[in-house]
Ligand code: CAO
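Just the one chain here, the form predicted on its own, laid out as structure tokens.
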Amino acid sequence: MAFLIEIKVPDVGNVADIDVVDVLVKPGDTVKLEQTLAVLETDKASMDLPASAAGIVQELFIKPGDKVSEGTLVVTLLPSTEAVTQSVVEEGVSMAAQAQPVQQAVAAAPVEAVSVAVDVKTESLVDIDSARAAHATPAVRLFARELGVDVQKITTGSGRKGRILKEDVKNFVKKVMTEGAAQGGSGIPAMPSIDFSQFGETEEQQLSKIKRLTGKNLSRVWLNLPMVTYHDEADITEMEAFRVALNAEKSKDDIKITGLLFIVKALVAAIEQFPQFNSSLSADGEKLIFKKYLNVGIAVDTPNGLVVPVLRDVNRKGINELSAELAEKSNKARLGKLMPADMQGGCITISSLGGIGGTAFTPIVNAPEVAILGVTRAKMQPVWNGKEFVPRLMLPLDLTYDHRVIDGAEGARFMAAVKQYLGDIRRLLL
């Protein structure tokens, strides 16, 4: 009897519980190498799960709505030589023209094939599943998770044999909100539900998972961090002239240098002067954890929402190397192909609206980081030099920081350092 190839979810680091959005094959289907078996979704990206070998699907072990993690068995395949044989018999075509390339594919494929690694930053459901597997269906547990409800706290269910239903989850949420509002403190009254169709025609559109989870994270940060935003402007006239000169020396196939890369370098140089900006507050609020590495997150707008790929060891890399890395990760972000490592380990984040416009905004700290730098569009302005007004290219900067870690004077001094580096980039060589 021929062995079966098992395709599993590979090691994806310290992550788990990846949502299965769609399954694109069924038992009996013949799949090719790299054919998409399923679509997975995390809080940061939607990912295709490719077949690491060719063959006939024998058994599926996942379905839409399931959660998968490292080592989860996805599908078993009859090896591709048997797959071709069965396909040829069923279709009545010549096997000779197809057997050789498929046999080569089998020779190159491992018996225990693995799939793509994906990004996820969600909480584990292991305890909930083990405790409530017999009392709540996967669909109800998924519904509860989307509402932020721990089904273990729902003591009784209204379904058959005490099974927890969606209505039980909804009633639990209503009870918690009502009690919280009555007690004050952290209980925040829910927004009223309004039937907007009474005013005219409406249409509903489901938010992407990235936007839903990003909204929850931002709300948590907004409620827990006392944030201050400091606004200023940097003179980047000479910096921009230098950037244009550098790009003029490049060939048409070379990656062009953007002003954002100079901002990254200036930011890191300032952090080296003010290490408290490269720290995180411990969960109990009693200790400050200083980091010895310098990684910078860059907020990237994608069709599914905002993601933050991380440039690593920025202090050890040159502008050209960083430019290539940023171009690669930005493209992966827009395609939904970022891996877990691409979005972890940031020390500080830059959110740039320079390509769109604006004069100022208040970025929200990407906790557990303690600061974020906002950037809007630079413009020529008349600046007094002591004798006369001269045209200078001024860049608006917005620094938001966690006031528990950084006070106003430190924030102002940090911004002054960033401005100094941007105003004379030769200082980055010192």
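Keep in mind that what you see is a predicted model, and the values were worked out from it rather than measured. One rule holds for the numbers: they count along the sequence shown, beginning at 1.
The next section is about a form of this same protein that is not shown, the form predicted in complex with oxidized coenzyme A (CAO).
Checklist entry - L306, R334 and V375: each with a heavy atom within 4.5 Å of oxidized coenzyme A (CAO) in the model of the complex? => result Every listed residue reaches oxidized coenzyme A (CAO) in the model of the complex, so yes.
Checklist entry - For S352, is any heavy atom within 4.5 Å of oxidized coenzyme A (CAO) in the model of the complex, or not? => result Contact check for S352: yes, within 4.5 Å of oxidized coenzyme A (CAO) in the model of the complex.
Checklist entry - Is there a heavy atom of F61 lying 4.5 Å or less from a heavy atom of oxidized coenzyme A (CAO) in the model of the complex? => result F61: no, not in contact with oxidized coenzyme A (CAO) in the model of the complex.
Checklist entry - Heavy atom to heavy atom, is D313 within 4.5 Å of oxidized coenzyme A (CAO) in the model of the complex? => result Because no heavy atom of D313 falls inside 4.5 Å of oxidized coenzyme A (CAO) in the model of the complex, the answer is no.
Item to check | oxidized coenzyme A (CAO) contact in the model of the complex: E238, any heavy atom under 4.5 Å | outcome: Close contact is absent here: in the model of the complex, E238 is far from oxidized coenzyme A (CAO), nothing within 4.5 Å, heavy atoms only.
Item to check | Proximity to oxidized coenzyme A (CAO) in the model of the complex (heavy atom, within 4.5 Å), stretch among 254 to 262, 71 to 79, 335 to 343, 148 to 156 | outcome: Result of the contact check: 254 to 262.
Checklist entry - Among V31, L395, L399, L49, which has any heavy atom within 4.5 Å of oxidized coenzyme A (CAO) in the model of the complex? => result Among V31, L395, L399, L49, a heavy atom within 4.5 Å of oxidized coenzyme A (CAO) in the model of the complex occurs only for L395.
Checklist entry - Exactly one of L142, V221, V176, A299 has a non-hydrogen atom within 4.5 Å of oxidized coenzyme A (CAO) in the model of the complex; which residue is it? => result Flagged contact: A299.
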